[in-house]
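The chain below stands alone and is given as structure tokens, in the form predicted alone.
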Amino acid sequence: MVLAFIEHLNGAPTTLSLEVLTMAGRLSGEMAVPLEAVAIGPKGAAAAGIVTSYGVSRLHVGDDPRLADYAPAGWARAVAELTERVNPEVVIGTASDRGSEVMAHVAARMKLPLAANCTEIAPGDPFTVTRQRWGGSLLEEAHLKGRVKLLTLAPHALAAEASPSRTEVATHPFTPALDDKDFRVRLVPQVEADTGKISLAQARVVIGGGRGVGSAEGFASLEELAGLLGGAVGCSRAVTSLGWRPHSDQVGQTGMRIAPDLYIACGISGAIQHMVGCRAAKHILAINTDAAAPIVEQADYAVIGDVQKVLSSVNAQIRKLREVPVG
């Protein structure tokens, strides 16, 4: 059996978890074994309505009320106990901050190796995996052994793809044996800001700005373009370091990893740490004054020129074509 550890928000699996379910479905098919999933927290049962489209036959739900808040040790203990109980051949989770932390705890508890940030997984004896190393700057092929194969899937290593047919999902609540030590570190309830804007994770178009934008006020032209294209605005680490934009807007190794249809990089040099965050974009357009900048070399298209002058002309042309009034 392949067991997929899914992250969810009030029962709705995250985009990265849908990618994990897609990979887990492929593995279960190649191995000719069932696919099951585990969701932690009382609201996890609501995920059954979505995982039914990904070939899952059973959804295990850790329903201890204390698991409603994220507690890495507690969540890991729940996943590890379930793993010992149902004895899957594979447990796979996301390589998000949360998924990586939980799966690392699981590996430590079970005294098993963990293959993290995998982009390709080939079952066999042993498993052969390709995984990202050094922030995604190189790929490593490795063999994974162990009585249970523990893996995390690199963000956007593949697109989430539902199965052609729906399955009947049996929900199986379980209560792990937890104690107070499992909750010494926990995330208190958080409130997501309701900005009314499209999130970076979901946007099909992302306008990224770097130091070359010039100032915090210079992002107004990027915001305008994002509004005209129905996209979101991101930024480089240099911009957050300067205090021009919040960390939640950062794209890169220590920020958000995105996979839009189009990424427009404005005044961004293209350091490897930033490219890790945007390399899953289907197309990259760079706007930069430096024709030799790394981002230009890696982009599908490039415009060499001043960001503000280029965007001023682009925005004006789009407004004209769409008859969008200024202001």
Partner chain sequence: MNVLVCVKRVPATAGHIALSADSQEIDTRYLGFTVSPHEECAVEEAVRLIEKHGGSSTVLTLGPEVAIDQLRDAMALGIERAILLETDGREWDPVATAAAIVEAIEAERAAGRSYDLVMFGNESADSAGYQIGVRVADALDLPCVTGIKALEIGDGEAMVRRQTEAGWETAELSLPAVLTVKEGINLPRYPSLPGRLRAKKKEIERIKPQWQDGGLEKIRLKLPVQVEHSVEILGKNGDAGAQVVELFQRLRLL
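The term rigid core refers to the most C-alpha atoms you can superpose between the two forms while keeping them within 1.5 Å. Numbering follows the first chain given and starts at 1. Note that the structure is a prediction, hence the values are computed from the model and not measured.
Absent from the display: the form predicted together with the partner chain. The rest refers to it.
Pick from 163-171, 78-86, 250-258, 214-222: which stretch has non-hydrogen atoms within 4.5 Å of the partner chain in the model of the complex? So the stretch in question is 250-258.
Exercise: Ala104 in contact with the partner chain in the model of the complex, heavy atom 4.5 Å: Judged by the heavy-atom cut-off of 4.5 Å, Ala104 is in contact with the partner chain in the model of the complex.
Looking at the partner-bound form in the model of the complex, is Arg322 within 4.5 Å of the partner chain by any heavy atom? Yes, Arg322 sits close enough to the partner chain in the model of the complex that at least one of its heavy atoms falls within 4.5 Å.
Would Pro294 show up as a contact with the partner chain in the model of the complex if we use heavy atoms at 4.5 Å? Yes, contact at 4.5 Å.
Consider Lys197 of the chain shown here, and say whether it contacts the partner chain in the model of the complex, taking contact as heavy atoms within 4.5 Å. Lys197: no contact with the partner chain in the model of the complex.
Can you work out which of His283, Arg26, Arg66, Lys43 has a heavy atom no more than 4.5 Å from the partner chain in the model of the complex? Selected residue: His283.
Taking His8, Ala47 and Val90 as a possible spot, do all three reach the partner chain in the model of the complex with a heavy atom inside 4.5 Å? The answer is no: none of the three residues contacts the partner (heavy atom, 4.5 Å cut-off).
In the model of the complex, which residues of 141-163 put a heavy atom within 4.5 Å of the partner chain? Result: Glu141, Ala142, His143, Leu144, Lys145.
Quick check: His172 between the shown form and the other one - does its CA shift reach 2 Å or more after fitting the rigid core? After core superposition, the displacement of the His172 C-alpha between the shown form and the other one stays below 2 Å, so no.
After core superposition, I'd like to know whether Pro88 moves between the shown form and the other one (criterion: C-alpha shift of 2 angstroms or more). No; Pro88 is a residue whose C-alpha shifts by less than 2 Å between the shown form and the other one when the cores are overlaid.
Taking the rigid core as reference, does the Cα of Cys235 move 2 Å or more between the shown form and the other one? Shift at Cys235: 2 Å or more after core fit.
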